[in-house]
Ligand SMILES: Cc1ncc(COP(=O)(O)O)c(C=O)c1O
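This document opens with one chain alone, in structure tokens, the form predicted alone.
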């Protein structure tokens, strides 16, 4: 099927999701036909370097051989099982997740997506504490179900009606655009204190938890300062509240450690994992401590979706972890991140519009500005760069509050030559966008 026919059928039979429709509507983009490792091909035979890793779920590389083999083997044995009873792949995956986490993060419950895992985290926190209020960063993204849309402030859209109650925004420590005019260490303490004071005032009693992404991805690839997370941990401990890390985009080796909390040295009470946990198969996990699990269970915690613990998905999850551990993929992530940033810093020397470069490992961001001194956001320019990049074979995304941050999420399989090629395409795209 060629592109025009596929687009015609899509118009007739698909409901548009409106994701990135203000930048490149799906109808104007490629129709993807096949993929391998770090490259995808469209129906017209054009190839693209996939620096989105699909929907950030193919970070092991498209069609990873280990995952493909496990799918073939498990599909001949047991693909689906009742969620009322345990199945062997489910038990094996829970044990494997415990083995790569620091104690006491040992207890897992499974879902099918990042939204599911974050809903479960909120439910766990509420059941464990007996409280309701949840804080989330003002540039956060935790999913697009009704529950997680209420704490996805970077994707908040008008017209959806009242959000789930007792969900509150707290300021994001955004060092590049700090409004508190306090440069250097300690700058991020102002949003922490304002945020906790506001959360206390709005909550019906003490808060249950605060959920954060260690790197605020959709909000603009904003890395949270270690001192902010250390302070947040202290403030929550004072209140008897829980800390939730959404590691959908930072966990499982992407930043150079198995999980971001291990690099920061600030451990959460609840951890959520999704994206490439299944190596391209839909599965997510919410992981917590024995103590939180016991309190939540005693208070009536219950959950379960029809496919939340499917043996096929669980087997793929275990294989994904094995692939990461056995091949030391966190080290590969660090090497990819270093080479990418070296290329982009050289590009920054040649182009004033590259205002800030940030991120770690496989999660990288470039903030485009009209003026480095005033930091005026270059939103329209970012859209043009995106369009030129896509037309020349590079897939990435545009994110951030001002839609001026280019986000790159290359797979572990990306070679040095592909990183250099992507940087060349990016520079050509910037030159074209600048006219």
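Remember, predicted model here, so these are calculated numbers, not experimental data. Numbering follows the first chain given and starts at 1.
There is another form of this protein, the form predicted together with the ligand, and it is not shown here; the text below is about that form.
**Request:** Report the residue, out of 309, 320, 288, 118, that has at least one non-hydrogen atom within 4.5 angstroms of the ligand in the predicted bound form.
**Result:** Contact check passes for 118.
**Message:** Can you work out which of 101, 113, 129, 172 has a heavy atom no more than 4.5 Å from the ligand in the predicted bound form?
**Reply:** If I apply the 4.5 Å criterion carefully, the residue I get is 113.
**Message:** At 4.5 Å between heavy atoms, is residue 315 in contact with the ligand in the predicted bound form?
**Reply:** No, no contact at 4.5 Å.
**Item:** Exercise: residue 362 in contact with the ligand in the predicted bound form, heavy atom 4.5 Å
**Value:** Flag for residue 362 set to no.
**Prompt:** So in the predicted bound form, does any heavy atom of residue 248 sit within 4.5 Å of the ligand?
**Reply:** Heavy-atom contact with the ligand at 4.5 Å: present for residue 248.
**Message:** Taking any heavy atom pair closer than or equal to 4.5 Å as contact, tell me whether residue 141 reaches the ligand in the predicted bound form.
**Reply:** Answer yes; at least one heavy atom of residue 141 falls within 4.5 Å of the ligand in the predicted bound form.
**Asked** Taking the partner as it appears in the predicted bound form, which of 162-170, 221-229, 141-149, 199-207 has residues with heavy atoms within 4.5 Å of the ligand?
**Response** Every other range fails; the passing one is 141-149.
**Item:** Heavy atom contacts to the ligand in the predicted bound form at 4.5 Å, residues of 203-230 in sequence order
**Value:** Contacting residue: only 213.
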